[in-house]
Each structure stands twice: as structure tokens, then as C-alpha cells.
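Heads up, the chain shows up twice below as C-alpha cells, two forms, tagged structure 1 and structure 2.
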Structure 1
Amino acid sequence: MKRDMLEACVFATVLCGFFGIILKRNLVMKIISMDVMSTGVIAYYVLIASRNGLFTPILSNANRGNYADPVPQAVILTAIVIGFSIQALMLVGVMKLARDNPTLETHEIERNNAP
């Protein structure tokens, strides 16, 4: 029951980000929506990888039993770093675009730059 509720929340987060990308016209809002969607996807991956009875692979003298696989954790950390760098690159692109256009609205930019 609790896991189903978490999956529903994560799925709602992904949908909020997806519809934000489609429906928002401001470029900064699109980037923020992409971040929300990325966060939802990462949370879903973490939710799937989590299981009861597994411990984090940290060295200690205590024998705790089964350890969780550290590879998904490393993949998620890599995804977070790559997502952050992509957002930074997109924000730099938006800043350069803002120099030439007085607005960040996509339809205004398309109208101003149409041949």
C-alpha cells in the first residue's frame, strides 16, 4: 500500500514535469519542468531498486547480512551529475538567447526570428 502510494507520487511528479515542458512557453520554466521530470525518473529508479532486508555497502565490523548492489547507486549519481550539467548548459543558452530577444517566451522568439 505504501509502495503504491510512493509510485503514484513519483508518477505524478514525472507527469507534472512532462506537461510543464509541453505547456509552458517560457524557456526557464521549460528547463525547470525538465528538472522536475528528471527528479521523478530518478526517484522511480531509486524506488524500484530499494528492497527490504538489504543494507548499504559500508565497511564495518558488524555482520549485517545481505548488501544492496552499489552499481545502481553509482548510475543514479552519474545521472544526477549529467542532469545538472545539461541544465547549466541550457541556462547558458537561454542567457545568450536573452541578449538578442527582450523576452523568453517561445512564441515571441519564433515570431521575431521568422524569415
Structure 2
Amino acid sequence: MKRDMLEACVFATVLCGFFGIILKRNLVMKIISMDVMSTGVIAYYVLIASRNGLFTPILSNANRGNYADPVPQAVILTAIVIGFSIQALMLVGVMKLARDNPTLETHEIERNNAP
């Protein structure tokens, strides 16, 4: 029951991010929405990893109960790094665009740069 609630919250986060990308007009807001969406995805990986147990999978003598699955966590670590570097790159691009399009509204930028 608790798990289903958590899962619902995670998907709500992903959807919030996704709708933010569509509905927000400002480019920076769009990028932040994308970050929210990727936070949701990361949380989903953590949730799936904890399906069998919650303890951190570190080798020790004491038996502390069921371990969380380390594989999805390892994988999502890679994805976090990639996601954050892409975001940094996009913000640099936005900084460059801001010089000529101070409002940073995507409609405006699109109109100014349409062929």
C-alpha cells in the first residue's frame, strides 16, 4: 500500500516535469522542468532497487536484513552524471542566447531563428 503511494508520487513527479516542459514558456523554466522530470526517473530507480530491502549493500559481518538491489542504483548514478552534464551544457547555450533574446521565451527565440 505504502509502496503504491510512493510509486504514484514518483509518476506524478515525472508527469509534472513533462507538463512543465510543454506548458512553461520560458526556456530556463523548461530546463528546470526537465530536471524535475529526471528527478522523478531517478526516484523510480531507487524505488525499484528497494523492492527487496532497504539496507545499503555494503559487505559486513553483521546481518542487517535484506539489502537493496545495487544494480539499478549503480546504473542511475551514471544517468545522474549524464543528466547533470547535459543540463550544464544547455544552460551555457541559454546564456549565449540570452544576449539577443533577453526574455528567453521559446516562441520568440523560435520566431527569430526560423529559416
Partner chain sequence: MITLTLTWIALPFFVGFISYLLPKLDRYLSLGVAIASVGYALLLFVQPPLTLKLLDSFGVTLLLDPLSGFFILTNALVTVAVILYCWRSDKTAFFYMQTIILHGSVNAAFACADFISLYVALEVLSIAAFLLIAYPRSDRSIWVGLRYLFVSNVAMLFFLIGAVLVYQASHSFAFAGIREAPPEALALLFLGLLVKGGIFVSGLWLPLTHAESETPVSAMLSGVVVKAGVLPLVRCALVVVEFDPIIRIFGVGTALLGMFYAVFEKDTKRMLAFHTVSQLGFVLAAPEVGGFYALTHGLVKSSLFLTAGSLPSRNLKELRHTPIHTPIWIALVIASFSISGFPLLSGFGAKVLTMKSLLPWQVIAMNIAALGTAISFAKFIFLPHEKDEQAKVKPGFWAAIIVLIGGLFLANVVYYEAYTVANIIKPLVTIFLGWLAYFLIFRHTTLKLPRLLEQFDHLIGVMSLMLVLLLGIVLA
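Throughout, rigid core stands for the largest set of C-alpha atoms superposing within 1.5 Å between the two forms. What you see is a predicted model, and the numbers here were worked out from it, not measured in a lab. Just so we're on the same page, residue numbers count up from 1 along structure 1's sequence.
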property	result
Matching structure (the form predicted in complex with its partner chain), either 1 or 2	2
Core superposition between the two structures, C-alpha change of E7 at least 2 Å	no
Cα displacement of E110 between the two structures, core-superposed (Å)	2.5
